[in-house]
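First, one chain by itself in structure tokens, the form predicted on its own.
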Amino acid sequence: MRRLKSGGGWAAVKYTLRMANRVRWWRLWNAMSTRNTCKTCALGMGGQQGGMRNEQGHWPEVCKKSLQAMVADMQDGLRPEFFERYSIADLKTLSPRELEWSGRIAQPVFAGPGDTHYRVLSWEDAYARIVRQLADAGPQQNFFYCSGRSSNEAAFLLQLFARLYGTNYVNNCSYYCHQASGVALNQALGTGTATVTLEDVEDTDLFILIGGNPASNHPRLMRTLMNIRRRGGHVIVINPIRELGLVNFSVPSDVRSLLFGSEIASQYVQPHIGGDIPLLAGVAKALLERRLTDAKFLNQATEGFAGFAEEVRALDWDEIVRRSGVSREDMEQIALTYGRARTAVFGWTMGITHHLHGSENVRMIVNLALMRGMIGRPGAGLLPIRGHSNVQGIGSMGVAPALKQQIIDRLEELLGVSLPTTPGLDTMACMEAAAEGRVRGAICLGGNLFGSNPDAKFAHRAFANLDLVTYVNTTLNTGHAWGLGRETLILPALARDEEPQPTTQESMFNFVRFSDGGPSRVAEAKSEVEIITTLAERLLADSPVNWRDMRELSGVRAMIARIIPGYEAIGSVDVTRKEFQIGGRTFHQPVFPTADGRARFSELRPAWEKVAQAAAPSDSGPGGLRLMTIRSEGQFNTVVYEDEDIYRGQDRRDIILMNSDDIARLGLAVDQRVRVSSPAGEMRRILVRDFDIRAGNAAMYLPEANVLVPRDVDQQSKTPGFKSVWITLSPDPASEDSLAGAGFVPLEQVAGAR
């Protein structure tokens, strides 16, 4: 496959035309122009100001991810004949892409013990099965999971339903993505979200991007990075893989950029996977050696700097270089650029959080920002780059195992109840409980919990141990084939732009956006709010909440305004139609919501020791590599829209990206098939591909490669180490013909998985 010279550009334009032809261009234009928040990443396109506008009102703001999600939702509904023709065994042979493009889920479908096929059933029957299971099993044997696709209103009602039912087994997809960011930021600053607005990022002198690839996963951020460079600012990229779109990107909505491309990275540094703490410590050491710190800020607004500085000064440069994989000269250049910048914003994604020391990774970023007073002033701060359009709002609404005490107090006072006090379970803990038989049912509101899990064989077994799994989705995914309980229900949900009433979503900049909804494309699909309130009304006979009234979302927003701190303005949006910034989260002054108003440095030594513990295991042998799972340009989270990864020049997904030195060292060849093994499992017939990645490291696509990821978690955030898996490779002589005609489904390669 031909490798491009720039990300975005004409390839993105051609793809847009292709998508438009698929559903007719005027239908797609009308759909994208509606006043609804983008369905993909959390940058916040759309909303009150109309479709394809960002939070500053700039138009056009649109990307391939937005188009892919919209076109998928514009598919025809699946007819009953589909499930009569395709057995569950057949669904298991379909790739994630083939499942996504099968069509919209149009009616409730069910599979019970011994069933070989899903079968259509009525909504009444579906509700009755769920209510019966919840009533029979009880609140301590069911868990509730929510993805970032849901609205604030649906998320608030889901966690309220669960708590009044009597359980804190409530969790969300952030435990498998950015939970480490929230944990670490709360520890350091007393807040768990971004400290900046979009305006701050647009105005900054320096953007330091760590462990992320927004060119593929958050394409609209590339315009902002382009603007920083055009103003004479700098963009430093820290990523083990040299990503084309982070070197040069052609922004399709900017004529000059489209025609000539835009240089993005002013410096590109490739550390080892998991080498971020040593790298950042090296930058901190260089800052100290050059006295490039803000003494006034450190004295007035922080705690713990002296101890941190002492630990950094004691580090040996040779050890820093060895552990990070980056030269001293490169780290010193980062320090000089940072030290000269008037303002700086640090942005990161799952390359930072998907480690068993992910929380420490984020704390180290905070430390570096604090050293120069780059938090608590305009144009500077911290930006966890969220991967789903309302994942941050889901957390704000209380979809978590433990509510903040202030929310508990307000709910109990308003409703005159005592909420459950038994400990909640995070996402992995719920999966462990399912595998051990301690829970019997699960309700999954959106997403693909199976496909998001590490150790896919374990996830398959855990779901199979449940009495009833209920999925609420718009399209099919691998969970519907592999994540089956003894009984499985799939309920068709409305997409965001099909909601019968306006809903709200929260961007990663703490800005609440409005979505108007629109006409349904699937006759029998229902809103998540209707599904939740119907179940609650039927199950909770003596509830203090009138669940029928809660179907009017203005009433839900009125309750949110009284319960959720910072969300007071949501109570009036039905009248004002005004989007708003959440209070208490953006910092333009160096005063933070900690007990004493100061930000806190973290100690270096515990983090350094965790990095050492994550070093190559003694049994990895000379053939060991550190693997990170990645997404392709043609996918969004676990949803695969295209098998091709055009920015990386790859035409398929059953590949492992390796440095050419490693290929030679291991006696392999490009396009040779290999067996990839890890402590969690193995994958066979994987093609070796040469790529610009730091030697000693490798990359493979998720969700397929989740077979290889152990289910160990960061003990603070409970997030698995998707980006740091020790693997070994060996030649696999299986013939090319063995893959002919089959979707790439790695679980099919695992003995006994089915």
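Throughout, we count residues from 1 along the sequence that is shown. Everything numeric in this text was worked out from a predicted model, so none of it was measured.
Unshown form predicted together with a small molecule; subsequent notes refer to it.
Within this chain, Gln392 is remote from the site of the small molecule in the predicted bound form, having no heavy atom within 4.5 Å. Residue contact with the small molecule in the predicted bound form: Gln140 places no heavy atom within 4.5 Å of it.
In the predicted bound form, the small molecule sits within 4.5 Å of a heavy atom of Gly387. Taking non-hydrogen atoms only, Thr474 approaches the small molecule to within 4.5 angstroms in the predicted bound form.
Using a 4.5 angstroms heavy atom cutoff to the small molecule in the predicted bound form, none of Thr193, Gly347 and His588 count as contacting. Among Arg557, His218, Lys285, Arg513, the residue placing a heavy atom within 4.5 Å of the small molecule in the predicted bound form is His218. Scanning Thr224, Asn168, Ser324, Ser147 against the small molecule in the predicted bound form with a 4.5 Å heavy atom cut-off leaves one residue, Ser147.
Note on the interface: of 561-569, 517-525, 403-411, 625-633, the segment with non-hydrogen atoms within 4.5 angstroms of the small molecule in the predicted bound form is 625-633.
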